[in-house]
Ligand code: PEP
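First, one chain by itself: the form predicted alone, in structure tokens.
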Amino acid sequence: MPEYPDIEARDRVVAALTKLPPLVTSWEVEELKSQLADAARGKRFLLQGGDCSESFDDCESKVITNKLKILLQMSLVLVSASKRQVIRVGRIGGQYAKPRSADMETIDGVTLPVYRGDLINRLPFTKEDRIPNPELMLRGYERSALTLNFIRSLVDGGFADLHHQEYWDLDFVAHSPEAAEYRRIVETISDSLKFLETVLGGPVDDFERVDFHTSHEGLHLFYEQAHTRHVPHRTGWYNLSTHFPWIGERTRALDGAHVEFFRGIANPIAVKIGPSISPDELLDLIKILDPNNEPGRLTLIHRFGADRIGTALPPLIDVVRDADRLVVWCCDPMHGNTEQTSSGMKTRSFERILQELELAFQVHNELGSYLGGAHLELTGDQVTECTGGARGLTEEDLRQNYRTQVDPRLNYEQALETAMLIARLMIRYNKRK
């Protein structure tokens, strides 16, 4: 948690946030929980993706639209291949805070607070920018509200209409190595839709929009508590800053403040788990966060790395199964495969990302479990932050368009290629439930 030099100013901002309208509604939250319950039973698949850390400066229509486009395109690929409904969740409209390994950093002999995300401080390496500023919580709320309002307008206004998939094309789609396969999928769905409507004698309204939900790491508890409220005609407390908050790998301590906060909210929640967690600790965590074994309540996002998943994941699946717990298992193939180039740039190998995804499907299948989702850091822009992929990006290529402020993301082409792989793996491993 950041240390604000002016505690009274922080408390004033938190008080002001509690009076502002919520960003999401309880019925949207409950609808997502219902869909996640289906994912836990093997009837849906969770596609969760977006920026590692959003920037206030990226609150622009084109940036937001491109993120929505790539998630819609990826979900179309998954639906077409798996014949399952896809739950679309964006890391968007609130992913403004990031955990860091150290409180301070030193550059050229100058030591300042580390950058923790635009919700807390700013990226430029100056004392003024790096001191935690509570007013940024208000700016974060405003950016989140603008983003969510624009997404709702797009979805409700027909942007996600399956009759008009051409709306989803990005400028460089024609140059993607996966373009031909994607076009084939679009044409197949369009032909099927025309056939169905011909038989029924008119348009099918259900194809004119899709559900889209938001998520972010519930890291900054002052901000999260300000959005946590009682809702008329419902019991319990809802965190209405997002539909689907999650606890990070670094903040999941059983006696920690984040677990204490999360156990008290009614939202569907997720927790990141990595190599350091033991089966007993995981079971204790599940009992705290989901004491009633509520369908759709808890998602476990595992992030081991391609080298470790084969040995680290099976004991966790076993203990959850033996305890007769119903959870959504979701693979995050990004964080465990982070590395540095010889020049010190943070990157991820696309091939290792795909390898971890494939191993995740394989392990779950062998143990009679169901991999119900994928959690990806990606962008709808053609950045060069992860090596590999169809274009064979190398370390030298990273400098062409390396724009992330924290962690490297899949670019548009790599994200679409990932969706193609997930689709093939779903066909191979996930039998129809």
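This one's a predicted model, so the numbers in the text were calculated from it and none came from an experiment. Start at 1 and count along the sequence shown; that's the residue number.
What comes next is about the form predicted in complex with phosphoenolpyruvate (PEP), which does not appear here.
- Shown alone here, Ile64 lies farther than 4.5 Å from phosphoenolpyruvate (PEP) in the model of the complex, counting heavy atoms only.
- Phosphoenolpyruvate (PEP) in the model of the complex comes within 4.5 Å of a heavy atom belonging to Pro99.
- A residue is said to contact a partner when one of its heavy atoms sits within 4.5 Å of a partner heavy atom; Asp407 meets this definition for phosphoenolpyruvate (PEP) in the model of the complex.
- Mapping the unseen interface onto this chain, Glu249 counts among the residues with a heavy atom inside 4.5 Å of phosphoenolpyruvate (PEP) in the model of the complex.
- Proximity to phosphoenolpyruvate (PEP) in the model of the complex, defined as a heavy atom within 4.5 Å, singles out one entry of His213, Arg143, Arg116, His335, which is His335.
- None of Cys52, Ala40, Leu68, Leu398 but one reaches within 4.5 angstroms of phosphoenolpyruvate (PEP) in the model of the complex through a heavy atom, and that residue is Cys52.
- Residue heavy atoms within 4.5 Å of phosphoenolpyruvate (PEP) in the model of the complex occur in exactly one stretch of 313-321, 355-363, 91-99, 284-292, and that stretch is 91-99.
- Using a 4.5 Å cut-off on any heavy atom, the one residue of 288-318 that reaches phosphoenolpyruvate (PEP) in the model of the complex is Arg303.
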